[in-house]
Ligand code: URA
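The form predicted on its own is given below as one chain in C-alpha cells.
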Amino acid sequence: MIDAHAMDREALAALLRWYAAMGVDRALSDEPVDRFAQSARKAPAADPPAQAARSSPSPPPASRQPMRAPAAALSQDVAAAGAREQAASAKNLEELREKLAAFDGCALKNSATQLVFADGAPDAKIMIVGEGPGADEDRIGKPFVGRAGRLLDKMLAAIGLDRSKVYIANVVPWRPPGNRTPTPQELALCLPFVRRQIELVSPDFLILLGNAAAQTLLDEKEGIMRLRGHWRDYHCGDRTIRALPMLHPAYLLRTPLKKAQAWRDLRTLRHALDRAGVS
C-alpha cells in the first residue's frame, strides 16, 4: 500500500500523473468499478453485412415510380397545342398572319429579323411552298426574293406563270440561323399554321419545293429525288388537292446538272394546268 503521507509534493504529483495515464478518473468509490464490463456494454454490436442490408429500407420498385416527361418535352407539347389552337381559330389569311406573328412557341422567331409570311395572289389556283426564308427574305420580309427566288421567277416564266398567278409561302416563316435546315421540332411547331394557310388559300395545285416542304406536308420519309415529279394527294379539310414535289431552286443553284429534271417537272405541271384550264 502506498503511504501518501510519507511522500513529498513532487512524488505525489508524479503518482497522480501516472494514475491519469492509466485511466484512473475517480479517487474514491464505495463499490468497485469494472471498467471492462462498462466498455463491453457501451460498444454497439456491428451488424453483419447481410443483416444491415435487410434492416435498411429498400427503395420502391422502379415500376411504382411515376414517370415524368422532361420539361423540354412538356414545353414542346404545350407550344404545339397552342400552335394548333391559334391556327385553327384564324378566319382569314390576315388573321392567320397576325396570330403567327404573335406566336412565341418557336425559337426561330427569336433569331429572325421578321416574319416572312407570303407573297403573290391569295386567290391563286397554284400555291408554292418552300422550306424557309434566307438572309434576303429575312431582310425584306417576302419569300423567294434572293438568288433562289430569281431562279424561281425564271422557272415560272418558262411555263407562262408569274407571281401574280401564284401564292408563295414556306413551311417555316422565320429564317433558321445560318440558313440551316429547320429541325423536326421547328417544322412540327409551324406545321399547323402552314396547313391552315393552305386551307384558307384553297388552291387547286400545290407545288412543294425541296425535302422539308414535301416530307412535312405529305408526311413522307422518302427524299425529294424520289418524290419529285410525281403527283400526290394532299388532303385539306373536305378537299383533296393535287400536290407536286419539285427540286428547290436553291438546290438547282448548287447542282446545275439537275435543271433538266426540274424542267421535266415544270412540263408536268404545265400539262396538268392546261388540262384543268388554268392559264
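All values reported here derive from a predicted model rather than from experimental measurement. Note that residue numbering follows the sequence shown and begins at 1.
There is another form of this protein, the form predicted in complex with the named molecule, and it is not shown here; the text below is about that form.
Quick one: which of 130-138, 104-112, 82-90, 196-204 gets within 4.5 Å of the named molecule in the model of the complex, going by heavy atoms? Looking at the partner contacts, the answer comes out as 130-138.
Taking the named molecule as it sits in the model of the complex, is W174 near enough to touch it, meaning that at least one heavy atom pair lies within 4.5 angstroms? W174: no, not in contact with the named molecule in the model of the complex.
For the stretch 156-173, I need every residue with any heavy atom inside 4.5 Å of the named molecule in the model of the complex, listed N to C. Read in sequence order, the lone residue that approaches the named molecule (within 4.5 Å, in the model of the complex) is N170.
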